[in-house]
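Consider the single chain below, provided in structure tokens and representing the form predicted alone.
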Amino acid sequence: MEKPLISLFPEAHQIPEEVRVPYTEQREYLINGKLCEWPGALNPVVSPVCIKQADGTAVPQVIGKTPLMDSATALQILEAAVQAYNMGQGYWPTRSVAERIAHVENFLARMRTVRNEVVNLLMWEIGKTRKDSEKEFDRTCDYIADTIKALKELDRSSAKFTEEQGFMAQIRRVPLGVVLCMGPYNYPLNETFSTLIPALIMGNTVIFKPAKYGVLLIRPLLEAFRDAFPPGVINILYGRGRETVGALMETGKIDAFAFIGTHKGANDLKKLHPKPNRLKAILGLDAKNPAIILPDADLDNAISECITGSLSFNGQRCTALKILFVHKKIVNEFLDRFTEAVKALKAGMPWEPGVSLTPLPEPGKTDYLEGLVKDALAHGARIMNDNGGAVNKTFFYPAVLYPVNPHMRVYYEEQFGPVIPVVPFEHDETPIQYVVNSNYGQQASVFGSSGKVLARYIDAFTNQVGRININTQCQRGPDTFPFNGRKDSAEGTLSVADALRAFSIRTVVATKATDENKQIIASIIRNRESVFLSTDYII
């Protein structure tokens, strides 16, 4: 380690001026196009960054407060979204694609102006490195721009008429209704907006509940949301989910549920909806993505990819590599080189240049990870790296555990943190059966050089996971690729194009292809009497 854990946290005067964030007591929330003041209780925002005191102790930094709304306010917000949609007759769902795109472009322009403020809050609220925080912001902006481009392409392909079996028809995509969007704390901007923006641009009205951690960083965007969209189209709800979201679902007025979190949380909320057949769910859930390192793998590449895959943002990613199966022929060399690579990672504060390992935002997370490690040790594992599992307040130094077996919790549980279980194997059937029998089915990575062996893994996994990565870590991007999962890992598919489809439904206007009907349709189009029936071509 570059510095002892005891000196990890800074004194107040050591924090660079350009990354400091002011204490913010936020009471504003957005409802029906207005920023209103919340008069009730507030929830403290505690940063994972602790500040070293004169006596040498480190104290968590409270950087602000956010509204703790109640169910009554949640229902008022719901009513604003319901009225704005107005059973599909509202202003927003009846706008043309070009008009909705113009609103989103306006929002994107305003969003870009608050980049530094949002990036700093990402660092302070969730402990994400400056480099990754900047990447998350920029990638989100790119995602919005790509969504606009994809919708233009989709609309152009829908501008034509189809003739089949004596009928002529135009098929277009239309909104679903009122959408509830809930994102995760690890990507409170990017993954949240990967559902929020497609839902909006397709003509739905939205209730957006920020992630549990990463709440203040939405505040700089409140005015952009207010000014860029018509009243009631986007409404922002704060507070504890059990006190607010449950009340929304119980009304039956939520038409689509976009949620990124645990499968248990998603299931519990879906059960509250009284009309489950009318609720469309788009879910990104748990994962326990394995990496399989075969005896003929390029170890330089495999170790590099597995380090990034298991420890990028401290392993707090659904796409992280959460268990490594390493062939017995190479496991000793792999562990020697892997632990050296872990040792080379810089631990520190999010804004420090070159830092890789940072504090964890979830209260109680270090205790949970310590419990996983103790359980593994009790069942025969060893900590293979120096300082593995060391803790200082909110910081947990990565622990490489070996040999891991099915008796250990970490073999099955999604640790969502810097604990790396390594399982030795001799026969291909061992990792294959692990994936087949797993409750999760998001992704898998396989490292090797034999086409014949890799082909066997590919064919074994195609009906088990949503993506198979050859000689590379599990990941979401590029955003044009489908992002989905099987089993308890997802419901629906997200990508730039897929998300537009996920938050809409195809509607057909059809008539018999007689001369009289053709003349009627032509008149409607020529006189621009319908938003739906149109051959306009968006450039």
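One-based numbering along the sequence shown. Note that this is a predicted model, so its numbers are computed, not measured.
What comes next is about the form predicted together with a small molecule, which does not appear here.
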### Summary
Only one of 30 to 38, 474 to 482, 54 to 62, 498 to 506 has residues with a heavy atom within 4.5 Å of the small molecule in the predicted bound form, and that stretch is 474 to 482
### Query
Taking 4.5 angstroms as the cut-off for heavy atoms, does R139 touch the small molecule in the predicted bound form?
yes
### is_contact(E191, the small molecule) in the predicted bound form, heavy atom dist at most 4.5 Å
yes
### Message
I'd like to know if H327 sits close to the small molecule in the predicted bound form, meaning any non-hydrogen atom pair within 4.5 angstroms.
### Response
no
### Query
Would N314 sit within 4.5 Å of the small molecule in the predicted bound form, counting heavy atoms only?
no
### Task
Consider the chain as shown here, without its partner, and state which of A199, I293, C318, A81 has a heavy atom within 4.5 Å of the small molecule in the predicted bound form.
C318
#### Entry: in the predicted bound form, the one of T366, T244, N186, S133 near the small molecule [non-hydrogen atom within 4.5 angstroms]
N186
